[in-house]
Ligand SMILES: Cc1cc2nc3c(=O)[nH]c(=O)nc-3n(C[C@H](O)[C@H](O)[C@H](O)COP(=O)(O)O)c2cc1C
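Listed next as structure tokens is one chain, alone, in the form predicted on its own.
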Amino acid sequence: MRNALRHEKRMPLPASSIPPQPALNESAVAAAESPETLALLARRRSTKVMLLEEPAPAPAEIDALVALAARVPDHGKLGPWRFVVMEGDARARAGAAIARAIENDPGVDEQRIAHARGLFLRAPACVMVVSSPVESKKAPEWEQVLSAGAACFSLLIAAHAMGYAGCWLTEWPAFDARARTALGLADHERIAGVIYLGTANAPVLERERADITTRISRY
């Protein structure tokens, strides 16, 4: 079954096929009918990280995905986020860094250390989106944090549109100050999410969704 899945996979779009972004002050034509985009959003589904395998986006493709992900609402043009790409051996180095951060914790065992070392090895490529708010009288910090979350989702959608599977996770390093420091974050920065990228090695089935009819009203 797995071989059959590989045979049927659609080849990912090469990064060179992504339309160029408009130049400064050039018309962006932001609103345009796109049934393909609507269909993609209607079927959008994260892939569990344990189902991700090669191929992953190539370095040039990841660069293109990050450039697209940065085109999010950003009040004040502050760019209150940054992207840390983990691919190849960098995934193991990042895992080793967070493992060292917790190795002296009371009660920690080798199983937890091993899990930390392998955290970023579960997918062939990862992009950590860092929320990095700046002082601004114009844009409250909450708006800047939301912009980082939007960057996570835009990166995931762009990866899907390029033909790759992925998921957006935070997990314990996002809430552990020592792990954040080990990964190179400043004191004021937070992990908005790690986008795990690859190709699904099994069918991804629709899951139960929140009932939208109970979550919509008109003022």
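Residue numbers run from 1 along the displayed sequence. These figures come from a predicted structure and were not determined experimentally.
There is another form of this protein, the form predicted together with this ligand, and it is not shown here; the text below is about that form.
In the predicted complex, which of 179-187, 40-48, 55-63, 25-33 comes within 4.5 Å of this ligand (heavy atoms)?
Partner-contacting stretch among the options: 40-48.
Is residue 169 a contact residue for this ligand in the predicted complex, using a 4.5 Å heavy atom cut-off?
Contact check for residue 169: yes, within 4.5 Å of this ligand in the predicted complex.
Do residue 192 and this ligand come within 4.5 Å of each other in the predicted complex, heavy atoms counted?
Close contact exists here: in the predicted complex, residue 192 approaches this ligand to within 4.5 Å, heavy atoms only.
Residue by residue through 183-218, tell me which have a non-hydrogen atom within 4.5 angstroms of this ligand in the predicted complex.
Residues within 4.5 Å: 192, 207, 209.
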